[in-house]
Structures are given as C-alpha cells and as structure tokens.
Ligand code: ARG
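Only one chain is given next, in structure tokens, and it is the form predicted on its own.
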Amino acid sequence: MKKMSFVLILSAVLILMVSASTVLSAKPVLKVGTSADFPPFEFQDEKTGAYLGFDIDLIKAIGAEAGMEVKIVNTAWDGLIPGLLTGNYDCIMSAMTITDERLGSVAFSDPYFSASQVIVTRSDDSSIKTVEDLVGKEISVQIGTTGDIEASEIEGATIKRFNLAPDAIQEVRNKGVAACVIDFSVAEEISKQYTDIKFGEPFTEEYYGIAINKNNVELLNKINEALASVKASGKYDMIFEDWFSIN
C-alpha cells in the first residue's frame, strides 16, 4: 500500500514537472491582424489556406527575433483598426500606410516598406495617363486604403469602393470604371495574370508600418528592436528578394 502511494506521488510529481516545463518553454503568442487579400503582401493559398506574402514572412521573422510565436488573424480591411483597439489581436501587419489620420488612433512601428499609388486602366485605353485625366471619371478603390483617400480628392470623380483589392481591379476589366487607384506592388502582381490591364508611373510616396495599440509601448519597442535586427542580419533583404525579385 505504501509502495503504491509512493508510485502515485512520484507520478504526480513527474506530471507537474512536465507541465511546468511546458509552460516555461512555451513562447508568448503575438496575434497579428491582417486582411489576406492583398498580394503579394498578404493572401491565402487557394489549395492549403495557408497565409503567404511579404508581410507574413516579415512578421514571422520579427516574431522569431522577439521570441514570440506569430498567430495570423484574418480580418476584413475596414475592421482591422477597430479590431486592434478592442484587443482582437496585438498588432496589424497588412500593408498599412502610416498616415496622420491613422496616427490619431494607433501607434506605428518604424517604416518597413516604401510604397506608392498607381493608376490601373484597360490596356486599350490610352486616354488616362495622369491623375488629371481622372477628373470626372468613375474610379474603383479598395475601401479605406490610401488609394481610396487619393481618389476621393480627385475633382468630380465617382468612387466605387470594394472590400477586396482584386475586386477593385476586376471592375476595370469589367469596364465598370475607367480606372483603379491602388498600390504599385499590388497592381504589378495582379497585372501578371491579365494582359487586358496596365498601370502607369507611381504618383505618391508613402510608407508601411506595423500598427500597435498606443497603450502597448512595450510591444512597440520590442517590434522596433526586432525589425531593426531583421534588417541588420540581412533577413529582410532575403524576404524582399523572395517576393519582389524581377527574375
């Protein structure tokens, strides 16, 4: 009886030791909000459902550098900032431009990508080359993006807003609008699939950042330190080459 009690106690102690070891070794989780419909920055593999893209690889590298396990939370674009403010995730990594308006609601990491807006038109349309040519025209955009902001400032323009970037470009192909205003890298990626659209030279300059709750200064500092380390190590350049190589 005593021997059985000893075995049971020893088993319980071992279980507690294993459980404690598991808890101590587990990495803290970094929940990352993203709108996975913006290739090549973030999108889902059609076959596996896995999240892919430049932003996805970069935030995973940042998480690894910070000793955190990254968990992606796919969210509609216009719900990203509200979701961050209500605590659905810890940060936003979604090709989000740092703007004064957004800085009123959230904090941003140091910039991690230089971006710009372009005008996408049908290949057979030679009438639109500059922003001035869009005056009075119908224009498609992804809702709440910098493209939406830029297009909304064009005199007399009628704006058609879509939740997904590919849908905004598809509206050009469907002849529902004269043009789409969207990020250069996205236009470049999607235009590889279609020969009936084209885009011109960038007409803005902007920077992407990782959005974080203003109250979470500790996480902001940790992400900035990890981002700097990823850049210094050459890992950033490797990820950039993977997604934006011209080869």
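Every value quoted in this text rests on a predicted model; they were computed, and no experiment measured them. Position 1 is the first residue in the sequence shown; the rest follow in order.
What follows is about the form predicted in complex with this ligand, which we do not show.
Trainee: Mind telling me which stretch in 126-134, 91-99, 152-160, 170-178 gets its heavy atoms within 4.5 Å of this ligand in the predicted complex?
Mentor: Within 4.5 Å of the partner lies stretch 91-99.
Trainee: Is this ligand in the predicted complex near all of 35, 38 and 208, within 4.5 Å of a heavy atom of each?
Mentor: Yes: each residue has a heavy atom within 4.5 Å of the partner.
Trainee: With the partner left out of view, is residue 121 within 4.5 angstroms of this ligand in the predicted complex by any non-hydrogen atom?
Mentor: Because no heavy atom of residue 121 falls inside 4.5 Å of this ligand in the predicted complex, the answer is no.
Trainee: Hey, in the predicted complex, is residue 142 touching this ligand, heavy atoms inside 4.5 Å?
Mentor: Close contact exists here: in the predicted complex, residue 142 approaches this ligand to within 4.5 Å, heavy atoms only.
Trainee: I'd like to know if residue 109 sits close to this ligand in the predicted complex, meaning any non-hydrogen atom pair within 4.5 angstroms.
Mentor: No, residue 109 is distant from the partner.
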